[in-house]
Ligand SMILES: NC(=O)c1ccc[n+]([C@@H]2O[C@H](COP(=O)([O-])OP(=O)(O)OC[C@H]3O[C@@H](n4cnc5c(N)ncnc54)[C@H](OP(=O)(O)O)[C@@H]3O)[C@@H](O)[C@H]2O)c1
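Only one chain comes next, encoded as structure tokens, the form predicted on its own.
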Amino acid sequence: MNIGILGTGFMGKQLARKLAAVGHNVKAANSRGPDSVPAEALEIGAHAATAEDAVRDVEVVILAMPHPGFEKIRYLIAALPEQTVVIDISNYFPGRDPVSPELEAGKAESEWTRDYFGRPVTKA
């Protein structure tokens, strides 16, 4: 399976390693560019990519990044083919992230993410 991962922090790099280890074609990207993708994420076979390349020609996109970064990739996610599965593993953290009135009022993150990107998103 072709998988793009946006975010190479702790969770993103672990997913890149584990998914590549079992034979998936994994492209990993972060906000600083391919040269800054941690070597640990790539050592088992994942490939460093730009965000644009990471979401191109994949069946699954995994969002492993803080909510404030969503604005930079919103256009990429909204433009994905309908059949591309988008999985969001990020979490809203008050105090780190800008205040989200909807989430603070109790809206489920899965609903907020779906509405933000204007497409189905699986929350994991």
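From 1 onward, residues are counted along the sequence shown. These figures come from a predicted structure and were not determined experimentally.
Another form exists, predicted in complex with the named molecule; not displayed. Remarks below refer to it.
- The shortest heavy atom separation between A124 and the named molecule in the model of the complex is within 4.5 Å.
- Taking the partner from the other structure, the named molecule in the model of the complex has a heavy atom within 4.5 Å of a heavy atom of I73.
- Taking non-hydrogen atoms only, M65 approaches the named molecule to within 4.5 angstroms in the model of the complex.
- The closest heavy atom approach of V26 to the named molecule in the model of the complex falls outside 4.5 Å.
- When the named molecule is considered in the model of the complex, only one residue from L80, V60, L42, I89 comes within 4.5 Å through any heavy atom, namely I89.
- Annotation for 1 to 27: interface residues with the named molecule in the model of the complex are L6, G7, T8, G9, F10, M11, G12 [heavy atom within 4.5 Å].
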